[in-house]
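Single chain ahead, written as structure tokens, the form predicted alone.
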């Protein structure tokens, strides 16, 4: 993610472009693979030592509230962050806790159509994300 795009994302979300916010978005882009808040904190402090730890956590929550990142919860209840906003699903490896993005427009459309026709009593569906749990056979990332 280039600095210009990061700046535009912030401005489009009605957020000021600050060095701290830029540092957190840089961390999200550099770390890939759905980092935890702690991993993001480690990256930011290493590369931008003047950013306060509390600011990092507040910034992540602000980004979530503004729709700049999504939260992904693992099977072990660890919260991870995803900066890819295009509709997609996740493959979660039980052995390595690795999360890979899984893009399948046909699957997404099928799920959306199903829930348009099938209402759940007393519940309004706002978003659909499928997390597919299993094990990567060759332990390598699908995106590499």
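Numbering follows the first chain given and starts at 1. Since the structure is predicted, the reported quantities are computational estimates derived from the model, not experimental observations.
From this point on, the text means the form predicted in complex with a further copy of the same chain, which you will not see here.
Visitor: Given that a further copy of the same chain is left out here, which of 31, 111, 37, 83 has a heavy atom within 4.5 Å of it in the predicted complex?
Guide: So the residue touching a further copy of the same chain in the predicted complex, by this definition, is 111.
Visitor: Wondering, does residue 53 line up within 4.5 Å of a further copy of the same chain in the predicted complex on heavy atoms?
Guide: No.
Visitor: Evaluate residue 45 for contact with a further copy of the same chain in the predicted complex, applying a 4.5 angstroms cut-off between non-hydrogen atoms, and reply yes or no.
Guide: Answer no; every heavy atom of residue 45 is more than 4.5 Å from a further copy of the same chain in the predicted complex.
Visitor: Within a 4.5 Å heavy atom cut-off, is residue 63 in contact with a further copy of the same chain in the predicted complex?
Guide: So residue 63 does not count as contacting a further copy of the same chain.
Visitor: Does any part of residue 13 reach within 4.5 Å of a further copy of the same chain in the predicted complex? Heavy atoms only, please.
Guide: Judged by the heavy-atom cut-off of 4.5 Å, residue 13 is well away from a further copy of the same chain in the predicted complex.
Visitor: Going by heavy atoms, what in 109-125 lies within 4.5 angstroms of a further copy of the same chain in the predicted complex?
Guide: The stretch 109-125, when checked against a further copy of the same chain in the predicted complex, contributes 110, 111, 114, 115, 118, 120, 122, 123, 124, 125 at the 4.5 Å heavy-atom cut-off.
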